[in-house]
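Take a look at this one chain, the form predicted on its own, written out in structure tokens.
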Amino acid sequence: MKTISIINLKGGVAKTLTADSMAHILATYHGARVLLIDNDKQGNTSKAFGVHSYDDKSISDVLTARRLDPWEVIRKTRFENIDVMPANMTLIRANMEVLMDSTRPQQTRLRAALNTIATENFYDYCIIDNAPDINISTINALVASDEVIIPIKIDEYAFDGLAELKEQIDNTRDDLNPRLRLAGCLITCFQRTDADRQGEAWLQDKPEYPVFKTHIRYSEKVTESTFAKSPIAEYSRRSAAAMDYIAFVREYLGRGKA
């Protein structure tokens, strides 16, 4: 099971859209079995796939409960090949509880749970949608991941926090997870303006930040799809964003074969 963290310290850069779209396309276009983990207190991925709840267990329990069977937290969705480990606002409390608990390791709890799940060989991919923050739950995600994808929306503040995030990835690799690598930056909400072209060119000129060739074009259909609670490639297959996400997943898989 390959585990991929989708993360950026900025909000509004299409992290959840990227995680959800990647999971949906891997599952429905490539036949992969995908576990999608919502690691954001807002629970938008959970809501998108119809599993948001305060009555059922969530990732908060994975981080805080002792001797929890992680399979108890996973919820089925209407997609045969996509399951979700949901999140909700209790993740705020869970982050604080983990930091206050010095009786057991704090940064490796999610990895331990995913190792248990991986032994069943049920999923091909695990995709983690992370909050725009470096807190103990996102550190847990990095420790549990094989790769990181950073969605970036080009604007005046596009690259704020990028160096800090790269440093956190490097530190996690050095200290806790030697297999962790930055798979690449994915430019989202792209429009054919001078600013977007210049921002993309600037990023492509930085060897420390590998960039996917595919960028995700802006599409009004994306907002519509969130109200419909339908992945963009299902809601509007011919929209620019859907076609680009399909191409991005193809590029991502092609890199793995290179």
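One-based numbering along the sequence shown. Please read all numbers here as calculations on a predicted model, not as lab measurements.
Separately, the form predicted together with a small molecule exists; it is not shown, and the next lines address it.
Considering the small molecule in the predicted complex, the lone stretch of 214-222, 199-207, 65-73, 50-58 in range is 214-222 [heavy atom distance within 4.5 Å]. Although the partner is absent here, T28 lies well away from the small molecule in the predicted complex, with no heavy atom inside 4.5 Å. At the 4.5 Å threshold, heavy atoms of K15 reach the small molecule in the predicted complex. Contact annotation for A32: none of its heavy atoms lies within 4.5 Å of the small molecule in the predicted complex. For the chain shown alone, M22 is not a contact residue for the small molecule in the predicted complex, no non-hydrogen atom being within 4.5 angstroms.
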